[in-house]
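In the block that follows, a single chain appears as structure tokens, in the form predicted on its own.
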């Protein structure tokens, strides 16, 4: 049985999106046990009348919320009645608990992961690794997308190796094509960090490194994993999300322009909905935090129930496939015993 904790407070659509996502996961995954952490009275009232396996669902009370305006490190230490604090306490002290899913404050989740759960021995820093759709119908992942603003070359090499194992194990990518985010595709391009990392990735026998990638090619389908520091990765992720949302908004405006365009929209209505669904992050889950001693998945702040379901499924697949053990065995040794 894979035991997963779901923090039901902190997201824009919490707690109901979190609860509904958890119930969907229970119905879809037969050997998962889920503990909902949040306002126990509210959760219990919402569950009343719903059909689910009561043997595989538990509720833990934690009414306080850690918001985005709270200082993450202070909040994770002092807000002891918050759902996120109690989730981390349960994950830390419950030996049979495997994973945590939350759509709450990114900073607080990262602080809790580092302060309470810790890293896999030998991993210098954990990294967020989200999944995005590509124009060829596949997926691409970014590692790191915001956990580490300042990085060194070893950090980025570890990000590449952890992301590589993640895609191989959780998404059945046999030989992921790995690129380094840079300002040009030529080998000599970039700042000192990029120039130092390039030969490390190129000469690493574990990696299928294909060179540098410019940001405009993120969704091209030519790459499976993009390696970068958290600052660049977060800018890349949010700029891409914003551009996609803006494009869909503009497209919607074009089709509403006049009678002719409205008729055209009716003709291709099914295709438009398929495009919208394909670009919807709710269908892809959240950002897994690679390198921590237990599995943590950070969902988008505005996640709906479908996204929470996919986040739980990500956490389940990581545990079922033993990704943490593989990272410990195959990635950590490159630090030569550093911790």
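The model shown is predicted, which means the values in this text are computed figures rather than measured ones. Between two forms, the rigid core is the largest collection of C-alphas that superpose within 1.5 Å. Numbering follows the first chain given and starts at 1.
There is another form of the same protein, the form predicted together with a further copy of the same chain; it is not shown, and what comes next is about it.
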item: Contact segment among 44-52, 266-274, 291-299, 307-315, judged by heavy atoms lying within 4.5 Å of a further copy of the same chain in the model of the complex; value: 266-274
item: Candidate site 214, 236 and 248: all three near a further copy of the same chain in the model of the complex by heavy atom within 4.5 Å; value: yes
item: Residue contact check: residue 149 to a further copy of the same chain in the model of the complex, 4.5 Å heavy atom; value: yes
item: Residue 257 within 4.5 Å of a further copy of the same chain in the model of the complex, heavy atoms; value: yes
item: Contact flag, residue 190 vs a further copy of the same chain in the model of the complex, heavy atom cut 4.5 Å; value: yes
item: Residue contact check: residue 206 to a further copy of the same chain in the model of the complex, 4.5 Å heavy atom; value: no
item: Contacting member of 181, 114, 170, 131, with respect to a further copy of the same chain in the model of the complex [4.5 Å, heavy atom]; value: 181
item: Single option in 90, 219, 165, 120 placed near a further copy of the same chain in the model of the complex, where near means a heavy atom within 4.5 Å; value: 219
item: Any residue of 36-63 that, in the model of the complex, places a heavy atom within 4.5 Å of a further copy of the same chain; value: none
item: Residue shift check between this form and the one not shown, rigid core fit, residue 93 Cα at least 2 Å; value: no
item: Core-superposed comparison between this form and the one not shown, residue 271 Cα displacement 2 Å or beyond; value: yes
item: Large Cα move at residue 261 between this form and the one not shown, threshold 2 Å, rigid core; value: yes
